[in-house]
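What follows is one chain in structure tokens, specifically the form predicted alone.
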Amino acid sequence: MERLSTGIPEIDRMLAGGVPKGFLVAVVGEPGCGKTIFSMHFISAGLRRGEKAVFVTTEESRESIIRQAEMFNLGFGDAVKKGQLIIIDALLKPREDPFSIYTLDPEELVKKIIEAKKRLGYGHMRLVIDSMSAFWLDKPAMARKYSYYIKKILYQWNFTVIATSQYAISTSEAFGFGIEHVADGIIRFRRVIKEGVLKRYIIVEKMRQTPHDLYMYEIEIRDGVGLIVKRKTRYRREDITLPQSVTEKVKEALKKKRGEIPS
């Protein structure tokens, strides 16, 4: 099986060589834990090999993504100028912008991604969608349906996809995890405050056809470098899957639903 480097050697090792070509991988976690930076590394690794790529941003502007990538020397600015990378902006750019999305609709997203691929040329490409959560903000129960639709269509267009998604607690259940149900792999990021210091972690929860590492690792986002894997933690995959705060909210919501605690 051909594997694609994530651009971070330690994470490639965790994945037994990298992300399997043609997979859709869900990169999930809370805001601010490293999902976007990881996604940028994945695109940059392809650009350095002369590949072309598409990056969809739904929560930041195109300009912001380019500036962040330049902070870590990932080469997005030059790649855009050379026609090697197209960044699709979903923050309501002017209508004369050919690669913007004007409504957060899965069909429009897929249409625009295919337009970008035709502009760049045929053949395999890397694709990042950051993030999928924006497409079901007002209808979280549709997350799985939308995720399946996007995967089904894009699979036919020869992409390897990184799709990020954030945690969301809505009504009495946990929503926003639709992408995980259809993904070929799940890489989870999390963050905690320890002794007044922000700590970030990564763990590979699933990767089909891959004897992946089962341990959680502490990571750091370093200016001028990007995402760095620092050390293995004492936690294993089966010890922690969701942040404790999210787990407690889910438990409390379920108890309320069963009438065990007052609303």
Ligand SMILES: Nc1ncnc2c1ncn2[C@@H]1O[C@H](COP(=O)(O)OP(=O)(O)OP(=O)(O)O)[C@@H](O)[C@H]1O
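For every residue, the number given is its place in the sequence shown, counted from 1. Because the structure is predicted, anything quoted here is derived from the model rather than measured.
Just so you know, the form predicted in complex with the ligand exists too; it's not on screen, but the next bit is about it.
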(request) Go through 67-75, 81-89, 103-111, 151-159 and give me the stretch that gets within 4.5 Å of the ligand in the model of the complex, heavy atoms only. (result) 67-75
(request) Identify, from the list A45, M207, M216, I37, the residue with a heavy atom within 4.5 Å of the ligand in the model of the complex. (result) I37
(message) Give me the residue from K52, R62, R200, H212 that has a heavy atom within 4.5 Å of the ligand in the model of the complex.
(response) R200
(message) Although the partner isn't part of this model, could you tell me whether V56 comes within 4.5 Å of the ligand in the model of the complex, counting any heavy atom of the residue?
(response) no
(request) Report yes if any heavy atom of C33 sits within 4.5 Å of a heavy atom of the ligand in the model of the complex; otherwise report no. (result) yes
(request) State yes or no: in the model of the complex, is some non-hydrogen atom of R222 no more than 4.5 angstroms from a non-hydrogen atom of the ligand? (result) yes
